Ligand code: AMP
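Have a look below at one chain only, the form predicted on its own, in C-alpha cells format.
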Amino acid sequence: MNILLLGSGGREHALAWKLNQSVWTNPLYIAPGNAGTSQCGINVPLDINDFEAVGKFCVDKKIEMVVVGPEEPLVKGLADYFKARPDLEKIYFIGPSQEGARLEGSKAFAKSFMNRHGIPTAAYREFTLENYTEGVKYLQQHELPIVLKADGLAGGKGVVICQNYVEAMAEFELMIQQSKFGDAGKKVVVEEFLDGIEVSVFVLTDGKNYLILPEAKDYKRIYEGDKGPNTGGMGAVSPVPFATPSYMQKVEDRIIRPTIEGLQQDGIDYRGFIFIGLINVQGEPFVIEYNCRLGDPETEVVIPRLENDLVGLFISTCKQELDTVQLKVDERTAITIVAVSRAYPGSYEKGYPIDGLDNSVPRDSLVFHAGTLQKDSQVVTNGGRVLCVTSFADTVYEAVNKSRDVLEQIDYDGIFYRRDIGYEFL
C-alpha cells in the first residue's frame, strides 16, 4: 500500500517508524519529513498546506492512504478537499473534516460543544472587539488567576495564565486591540483556572466507534522542577500512575463517550485521532482542550507502546470497523526526553552538526528526530526541539536513566534537556 504521511516533527518520525513496520506499507512517503524519517521511508519536499500539490502527488504516486500529523492542514480543510475530488475520495484519509477540526481550531467552538453535550470543563466567556468593554469589566470581577486563550491556532502560544489584574488587562488588550496572535486572537476565551495535574488522553475514532490509546503526561516547562517558560514539550511519560482504572472509567463515561456521541449528534464527520487535554482536579477529570491530532512529544511514548499494526488500525478507522479491533498495548513504562536548542523556547540558531547518532542504541531505547535536517552527509539541528529519546523499562526511574544514558552519547552545540522527566512519579 502506497502511504503518504504529512509532517516533519518528532510525532511524524514516531508515526513513520510505526507505519514502516506494517505488512501493508510499501512504500512510505513523508512530506516534508526530517533526517530521522528518511530512515523509515522517502522524504518528499511538499508544502503540506498546498492542497493542490498534495493532491497531485497522491495521484502521481497512486497513494492509497494519507495520514496527517499536524493540525493546520486539517483545520484548513484538507480532508474535505480530498472528499470533494473524485480522483482522491477513495484514498483512506486519517484526519477529521474541517468542521471536526474546529474542536482544535476554535477554542470557543470547543467550549460551546462541551457545554452543549454536558462535558465537564472550566467556566468561560468569550469576547471580541465588539464587546471589548464588557470583557474588561468581566476581567475586573474575575477570580485570580485568570486564563486567557486566543480562539484560533497560535502555534501553541495562545494561552496565558495571569496572576494579577494588571497582567490580565494588558494581555487582553494585546490580544484583541493589538493582534498579539494575529487573527487567532480576534476572539478571546476567558476561562476559570483549574488547579490540578494534567494528563493527555488519546482516542482513535471512526466516527461511531472508538479505541482509547495509552494515556500520557507531558512536561511543558523548560527547566527542571517545572520552572521557566512554556515550551512545545520537554518530555513525556506513559502510562500515568494516577490514571487508575477507576479514574479512566470516569474519563470514558463523562468525556470520551459524550464527545463521540456529540460529534454524531452534530453530524460531524470525524475519522482520526482526538487528543483530549485533561486536568485531574481532586480525582475529577475536566477537559482543558481538544486537539484534532496526536500530541508531541506524547506520540513518542504512546505509539511505541502500541502492539497493533498501525496501518490495519487506520484501515478499520476509515471503514468504521473499530468495534472489531482489540487494542494491544505494551504494559511497560515508556519515557521520552526531548533535547532542545540553546535559548529555546526563545530565539535560537540552527545548523549545528549532531554527533553521536551513529552510536549503537540499546534495544529498549529509540531516538526520534524532531528538528533535524540532512545536510550532505551530516545531520544538523533544524528546530527548537531537536531530538527525543524514548526508553522502555519496568519503572519510571529505570526508563529515565536509559534515555539519559543515550542522550549523554549525543552532542551538538547548545544541547539541553531536562533530567527530571517523570520526577513526581520517581
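None of these values were measured; they are calculated from a predicted model. All residue numbers are counted from 1 along the displayed sequence.
The next section is about a form of this same protein that is not shown, the form predicted in complex with this ligand.
Just one of 261 to 269, 130 to 138, 338 to 346, 184 to 192 has residues with a heavy atom within 4.5 Å of this ligand in the model of the complex, so point it out. Residues of 184 to 192 come within 4.5 Å of the partner.
Since the partner isn't included here, can you check whether this ligand sits close to all of Arg102, Val203 and Arg254 in the model of the complex (heavy atom within 4.5 Å for each)? No residue of the spot touches this ligand in the model of the complex.
Ok, Leu327, Ile161, Ile222, Ala170: which has a heavy atom sitting within 4.5 Å of this ligand in the model of the complex? Only one listed residue qualifies here, and that residue is Ile161.
Pick from Val147, Val75, Met114, Leu322: which has a non-hydrogen atom within 4.5 Å of this ligand in the model of the complex? Of Val147, Val75, Met114, Leu322, the residue with a heavy atom within 4.5 Å of this ligand in the model of the complex is Val147.
So in the model of the complex, is this ligand close enough to Ile288 to count as touching (4.5 Å, heavy atoms)? It does: once this ligand is placed as it appears in the model of the complex, Ile288 has a heavy atom within 4.5 Å of it.
Looking in the model of the complex, any heavy atom of Ala122 within 4.5 Å of this ligand? It does: once this ligand is placed as it appears in the model of the complex, Ala122 has a heavy atom within 4.5 Å of it.
Can Leu174 be called a contact residue for this ligand in the model of the complex at 4.5 Å between heavy atoms? Because no heavy atom of Leu174 falls inside 4.5 Å of this ligand in the model of the complex, the answer is no.
Quick one: does Glu198 come within 4.5 Å of this ligand in the model of the complex, counting heavy atoms only? Yes - in the model of the complex, heavy atoms of Glu198 and this ligand come within 4.5 Å of each other.
Give, in sequence order, every residue of 85 to 119 that has a heavy atom within 4.5 Å of this ligand in the model of the complex, or say none if there are no such residues. The stretch touches the partner through Lys107 alone.
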